[in-house]
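Next comes just one chain, in structure tokens: the form predicted alone.
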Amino acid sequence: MGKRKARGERTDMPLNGFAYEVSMVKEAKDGKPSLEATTLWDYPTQSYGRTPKGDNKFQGVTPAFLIWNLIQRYTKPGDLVVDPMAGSGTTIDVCKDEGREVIGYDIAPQHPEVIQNDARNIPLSDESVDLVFIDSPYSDNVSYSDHPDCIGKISCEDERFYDELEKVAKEVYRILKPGKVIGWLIGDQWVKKKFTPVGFKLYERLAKYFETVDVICVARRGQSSHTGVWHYRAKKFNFYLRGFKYLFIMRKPAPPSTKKPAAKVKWAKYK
């Protein structure tokens, strides 16, 4: 029995910086990401390990590290994870590696295990899911699919865009178990000399249904704007390139406890 355990202290925390570095080396050898401890997440590559997670050539592919961190914190093996806008299947690939049950839907599937379905009508029972992850369109500036009902065909400058995303949020609320979490990844837009705070506008809709756990800043990598030419233009014409996305981590409220309050003990007064 170690001294720390004998003293009744936690044994799952590193003793010092050296112990932390050793754990990081082990994670690198295992091919697994490290568990994030701050609200700034920055990943050098889209995937990890020896097998691909999703398709890094897919337009708007989700960082696999992000999915890994969410399922490590908010699920356990055997839990059901659902991605209603699964794209190239990053969520499916990560969850299968980590022993989670997973269902991925998309209006235009790009992965053999993703089921064709519109996220505004998810074919699952009420309160049956342990975690939902969504990496939704940010506007109509990217061609996500040719499907006529794709939300990504609506501009984020149009209020209808948020109305449709709210329909997705309502479905997520319905299928999510009380007390369980949704992670929603979204970015802002700057086009034609106009900034649209997509993240803030979506957050207002989500806050109608969910309690906020935290807001994560996810660094944007692998973008076509990450070139010297675009950085030159941003400085010359006085605008900012999009450097991050929001990851809203929110929880479906649990119902009030049905337990009766403990009886108050009346203490006798002694003179």
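Residue numbers run from 1 along the displayed sequence. This is a predicted model, so every value here is computed, not measured.
Omitted from view is the form predicted together with a small molecule, to which the following refers.
Partner-contacting position among Ser155, Gln189, Gln72, Asn117 - heavy atom within 4.5 Å of the small molecule in the predicted bound form: When the small molecule is considered in the predicted bound form, the option within 4.5 Å is Asn117.
Non-hydrogen atom contact Cys150 with the small molecule in the predicted bound form at 4.5 angstroms: Yes, contact at 4.5 Å.
Contact test in the predicted bound form: Trp41 vs the small molecule, heavy atoms, 4.5 Å: Taking the distances in the predicted bound form, the answer for Trp41 is no, it never comes within 4.5 Å of the small molecule.
The small molecule contact at Phe58 in the predicted bound form, heavy atom, 4.5 Å: Residue-level check for Phe58: yes, a contact with the small molecule.
Proximity of Leu80 to the small molecule in the predicted bound form, heavy atoms at 4.5 Å: No.
Interface stretch in the predicted bound form with the small molecule - options 105-113, 196-204, 123-131, 171-179, non-hydrogen atom within 4.5 Å: That would be stretch 105-113.
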